[in-house]
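Here we start with a single chain on its own, the form predicted on its own, put down as structure tokens.
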């Protein structure tokens, strides 16, 4: 069976899944990503001593931050479909000194093995845009959250991706075409508030934040390079056009005029008493 264009649909079947591990960790170290992640976790009000589940935990970047918030009396569990990600997440948690209070398991977020109401908070961060049926995953997150507990989701929205580039039509072709081909819902971020409200959560709150880069940081450089590679792969543009597009980006970086921004939407709701919808 051919691989889906979105590598996160089948991480363990990719030619080099460890490259994806390195990419997630590099993104996690980016100063703007650190700010985005920690602002959202503060917004989600993760409390000391809490029991927290992250669905789609990847290499454990978020879980490691959550571990510092729940403290030694708390517990953090990450679930991911990738065996490679889970193995590496365990290793990295040990290296960061939080291996004793963070666990990782292989599992399907749409079919969680846990009984109802066992977590104080459940999280899914930059996950739903990859999921063909996000509502099923959200229902499972709600099910395993205790009444009065919180469900928090954060996604970027590629409809808000802005790059200051001299060739705007080519930029739009690359960004829109690649996003439509790869992601289940490239515009997931703007739908999150509506989704959580429609599934019966209460006190639903929204935090809008922006990834901003004016220096072409390593993660941003990798991002635009992969967009160009995929645009060629998907026959949206030629190799010559890709080279010209990337050269203009590098030129703006050298001139100190580079600008890339992308909106992130974080939404947190409270599970009410009684059955979920």
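Keep in mind the model is a prediction, meaning the values are calculated, not measured. Positions refer to the first chain, counted from 1.
This next part talks about the form predicted in complex with a small molecule, which is not shown.
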*asked:* Checking a candidate spot here: are 135, 184 and 192 all in contact with the small molecule in the predicted complex (at least one heavy atom each within 4.5 Å)?
replied: no
*Considering the small molecule in the predicted complex, which of 99, 200, 107, 177 comes within 4.5 Å of it through any heavy atom?*
107
*asked:* Please identify the residue among 118, 204, 81, 162 with any heavy atom within 4.5 Å of the small molecule in the predicted complex.
replied: 81
_Contact with the small molecule in the predicted complex for residue 143, defined as at least one heavy atom pair within 4.5 Å: yes or no?_
no
*Is there a heavy atom of residue 24 lying 4.5 Å or less from a heavy atom of the small molecule in the predicted complex?*
yes
_Test of understanding: in the predicted complex, would residue 61 fall inside 4.5 Å of the small molecule by heavy atoms?_
yes
*Contact between residue 196 and the small molecule in the predicted complex at 4.5 Å, heavy atoms?*
no
*Which of 240 to 248, 212 to 220, 48 to 56, 226 to 234 has heavy atoms within 4.5 Å of the small molecule in the predicted complex?*
48 to 56
